[in-house]
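Just one chain is shown here, as structure tokens, and it is the form predicted on its own.
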Amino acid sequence: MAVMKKNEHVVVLGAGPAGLATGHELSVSGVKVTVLDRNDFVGGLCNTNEHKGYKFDLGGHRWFTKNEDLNNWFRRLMGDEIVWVERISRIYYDGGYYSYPISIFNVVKNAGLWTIVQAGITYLFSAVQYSVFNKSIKNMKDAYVAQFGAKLYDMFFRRYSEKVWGLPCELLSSDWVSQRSAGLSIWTVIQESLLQTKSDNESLIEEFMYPCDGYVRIPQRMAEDIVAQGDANSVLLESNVTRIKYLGPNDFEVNYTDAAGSEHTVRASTVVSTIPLGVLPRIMEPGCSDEVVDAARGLTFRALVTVNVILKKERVSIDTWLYVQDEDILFGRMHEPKNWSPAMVPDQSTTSLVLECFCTKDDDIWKLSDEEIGQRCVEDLEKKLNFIKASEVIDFSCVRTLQAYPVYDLDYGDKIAKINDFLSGFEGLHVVGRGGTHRYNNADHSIEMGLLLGRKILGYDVDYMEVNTEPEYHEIKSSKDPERDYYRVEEGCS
């Protein structure tokens, strides 16, 4: 094992969960780390916004992993800031509420026995197509229909998926389905509902850990630890990277501008990038070919407008999440922060909601003013969902987020391959995280990728790119040394 020299300098581009996890792993091992981020806050998509004392995550982020090494690391990092949250999720579909994970009994109760008969018939038909006759799975629709049949696909997956991605499921890759619902199928639904047995799939987890003051506390804690390791380490916000010049193996110049517009250059032996994979090749020097530029521009993202509503009401629902299928309701998902942690609201006689409006930059939703989006959401809450009265709204605010969800179109894999082939020519450059790899990671996936990348840079033989590619989480045996605050690989793997 070639151990990294402690006097080398790693520059991390992006202070989201993956970048900070890499920096955390390296800094606690004595390596000099500089983290640059264009925002004025750490956390990226894991930010928690505060308005009038109420705390709102950018969508609900849970902490759950079956990897106990990672859980142990998380517990050490967060200490007594952790609360346990019971997962209670529902789907709103055509005026009715359905439990999620899907329950046969619940579907019968809400939609009727005939719906179950249709679901069974369409599933048997799809089973014959995809299993007996080996029909190929070409897109997201095929993947869902193969797992659930056409009826349940149309009820519980099609409309929500198209709301999130802004494209028909026939134009989206099946990779997203395999990564997000591996092992979940009509058979696990029957197992859970009829046999009263419990599945071990991630999608069916019943409770999870959460930082009591909002998810941003995880990246904040990592940033605090990085800086605390010594004066040489820094987390520089409002620092926009403009160019990365490759001078030779493990030798880079990173150019960035600060909040005042001043230009700076920092020398690095290793560069870790979490900035969007479609952006990175275009700021590298030497530059890339037109073919790589076209591939990079072809990697697209969905944006997000989160509407944060403060209510003069003790509680709206018991849900952890509510997935809203109907196209005529502006938002696609809702959660109530108080149901995650009481500390998210300053007054327990009140509550708040986070409403996620999926969109694309400059589309009809994005072009609406904050006032228009907020009013539309309040109207939907009152008139379509019957959750609130407009008079109960104390205030609302909107947060706009670009590059929130990497789009898996039908040829995204080929584009990524071309970009990665170009980037492989820069020895000492690594990509990680949701945007950095154009992979739909949960926050825990990105953190695990970052921690493992830190181990790889230190010289350990680990493959951080395996995270979130297998049906099961990447498992590594627990360390015997719980006091050492880093993510330790299995003995013998280094």
Ligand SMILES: Cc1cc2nc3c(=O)[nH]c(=O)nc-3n(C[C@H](O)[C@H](O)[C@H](O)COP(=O)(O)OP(=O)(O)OC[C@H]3O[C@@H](n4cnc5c(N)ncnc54)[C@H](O)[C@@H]3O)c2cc1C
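In this text, residue numbers run from 1 along the sequence as written. The shown structure was predicted, so the numbers you read here are calculated from the model rather than taken from an experiment.
Heads up, the form predicted together with the ligand isn't pictured, but that's what we're talking about next.
You can rule out all but one of 66-74, 457-465, 23-31, 426-434: in the model of the complex, only 426-434 has residues with a heavy atom within 4.5 Å of the ligand. For the candidate spot formed by 49, 227 and 400, no residue has a non-hydrogen atom within 4.5 angstroms of the ligand in the model of the complex. Shown alone here, residue 36 lies within 4.5 Å of the ligand in the model of the complex, counting heavy atoms only. Within 4.5 Å of some heavy atom of the ligand in the model of the complex lies at least one heavy atom of residue 239.
When the ligand is considered in the model of the complex, residue 336 lies well away from it, no heavy atom lying within 4.5 Å. In the model of the complex, at least one heavy atom of residue 275 sits within 4.5 Å of the ligand.
Put simply, of 304, 353, 373, 140 only one has a heavy atom within 4.5 Å of the ligand in the model of the complex, and it is 304. For the candidate set 165, 93, 321, 412, a heavy atom within 4.5 Å of the ligand in the model of the complex is found for exactly one residue, namely 321. No residues of 335-349 lie near the ligand in the model of the complex, the criterion being any heavy atom within 4.5 Å.
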